[in-house]
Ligand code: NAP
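We begin with a single chain expressed as C-alpha cells, specifically the form predicted alone.
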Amino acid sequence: MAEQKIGTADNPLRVAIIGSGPAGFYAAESLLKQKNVVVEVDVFDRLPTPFGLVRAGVAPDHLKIKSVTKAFDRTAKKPNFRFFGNVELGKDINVEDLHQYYHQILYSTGTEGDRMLNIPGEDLNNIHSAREFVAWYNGHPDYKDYEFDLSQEKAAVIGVGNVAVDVARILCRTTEELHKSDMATHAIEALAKSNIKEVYILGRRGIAQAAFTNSEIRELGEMMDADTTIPAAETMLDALSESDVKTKNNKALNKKIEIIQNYADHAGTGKSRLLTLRFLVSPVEFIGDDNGNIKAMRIVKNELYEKDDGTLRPRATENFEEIPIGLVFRSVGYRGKPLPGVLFKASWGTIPNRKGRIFNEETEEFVLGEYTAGWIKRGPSGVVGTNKADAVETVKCMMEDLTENKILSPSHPDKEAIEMLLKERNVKYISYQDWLKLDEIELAKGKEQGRPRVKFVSIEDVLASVEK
C-alpha cells in the first residue's frame, strides 16, 4: 500500500511553533493560508498569555500598535490552530518530543537577553537594561517583582532606538497619562511616587543616524508635564551627514531631521520634568559612590567618519564631560538566548539559518524539519510588521521542503497525542479559549477602573482564574 501523502485532510502537515509573538503568529497565518496543503498548527509559549512583545514589549501608551492582535486573533480562531500557553521548551517538553509529534518545528522565541556596553562601572547599582524596565512596566510575570530606584532625580537612557524613547517617555509621563494606558498596576503605583526630574537620552551617532521613528520623536514634544530639548550644536548636520542625507533624498529622514531641529535649545515652558536628547556622545565610564551606587557618568564627544562601505560610524574625540546621574537604562540592543536542544550562534545571538532553515555551520548541513523566524532568526531589528515578511520567507522554505519530502517522520502525528503527553506530565497548559476568558477579565477590570485593561501579572493568578 502506497504511503499516504502528507498535507491532505486525512494526513495533515503537523507544525509546532515555539513562541507566540508576532513572528510566530505571522508564520501560523501563512501556514494556514496554504491553498494546496492542509496544515495543523500548534503554538507553544512558556508564558500563559500569547502575543509576545506586543503584550510585554510595546509601550503601554501605544495602544494603537497593539491592535495588531486583532489579526492574530483571527488566525487563532481558525479550526486548525491551537495554543498551548504555560508550556516551556526544555522543561515541559523538549526537542526530542517535538520530533515525535510534528513534521516541522519553527522557533520564534525572540531575544530575551541584552547587549552590554562593556565599560567601567557597568556593574554599579541602579544600572539596568531597558528590556528589564519595559518588561516590568508591561506586567511580564518574570519581572513583576523587580525594583527600580525612582527616588533619584536624574536618569539616563543609553541609545536612540524606539525602545530608548519609550523608556524615557514613560519616565516623564504623569500618573494621569499612565492611567490611560494598559501599564501594569504595580508600575503605575511606583511611577506615581517617582522623584525623577531630568531624563537624558544619549546617542553615539548624529541626528541623521538616529534609529527612532518620526512618530516617536514627535511624541516627545506632546507630553503633559515634560519639556524636551536638544543642545543646538548637536542638532546640526556635519558635512558627511549632510552629503549622505542629500544623496538618500528620503522624505521620512528629512522630516525626522526637521522634527529634531525644532527641539534645538528649547527653553521650556515650566513643566516639572525636562527631557534632554544628546547626540554624538558615548558613555565611557560610570562613576559610583561609596555604597556602590552610580552617581555620575563620563561621556565622550564623538565625530563621524566614513567606512570603506560608505556607512558613517562614530569615533571618540578628546572632549569629555561628566554628568551627575542616579539611574541608568541601557538600550543598546536585545540579544537572543540559546534554546535547549537547538543550534545557536553565540557570536550573533541568533539561531544559525539560511532564509529560516536552521543550518549547522560545522557540518554545513541543514537540520531536517527545523526552522526559525523573527528576532531569533535575524537579530533584533525592525518593527512588529517587519516580522511578517520574515515569517513568510521561512514558511516558503517549509513548503519547498514538504514538496521534496524533507520533513520529520513523527511516531505520534495525530492531533490528540500532544495533549495526552502534556496531561501525562501534569502540565497545566492554557488554551486559546482560556486566553479569551482571561482577556475578558482583564478588559472588564480595566473598564471598572476607567482604563483600557488591567493585566494579570502572576502566572498563579492566571491559572487560578482559568480554573474558576
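Computed from a predicted model, the values in this text were never measured in an experiment. Don't overthink the numbering: it's just position in the shown sequence, from 1.
Beyond the structure shown, there is the form predicted in complex with this ligand, which is absent from this document and is the topic of what follows.
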item: Complete contact of 163, 216 and 380 with this ligand in the predicted bound form (any heavy atom, 4.5 Å); value: yes
item: Stretch in contact in the predicted bound form with this ligand, which is absent here, among 148-156, 163-171, 81-89, 352-360 (heavy atoms within 4.5 Å); value: 163-171
item: Touches this ligand in the predicted bound form: residue 288 (any heavy atom, 4.5 Å); value: no
item: Contact flag, residue 99 vs this ligand in the predicted bound form, heavy atom cut 4.5 Å; value: no
item: Interface membership of residue 253, this ligand in the predicted bound form, 4.5 Å heavy atom rule; value: no
item: Partner contact for residue 313 in the predicted bound form: this ligand, 4.5 angstroms, heavy atom; value: yes
item: Heavy atom within 4.5 Å of this ligand in the predicted bound form - residue from 144, 205, 271, 128; value: 205
item: Of 412, 437, 428, 62, the one that lies within 4.5 Å of this ligand in the predicted bound form (heavy atoms); value: 62
item: Heavy atom contacts to this ligand in the predicted bound form at 4.5 Å, residues of 82-116 in sequence order; value: 115
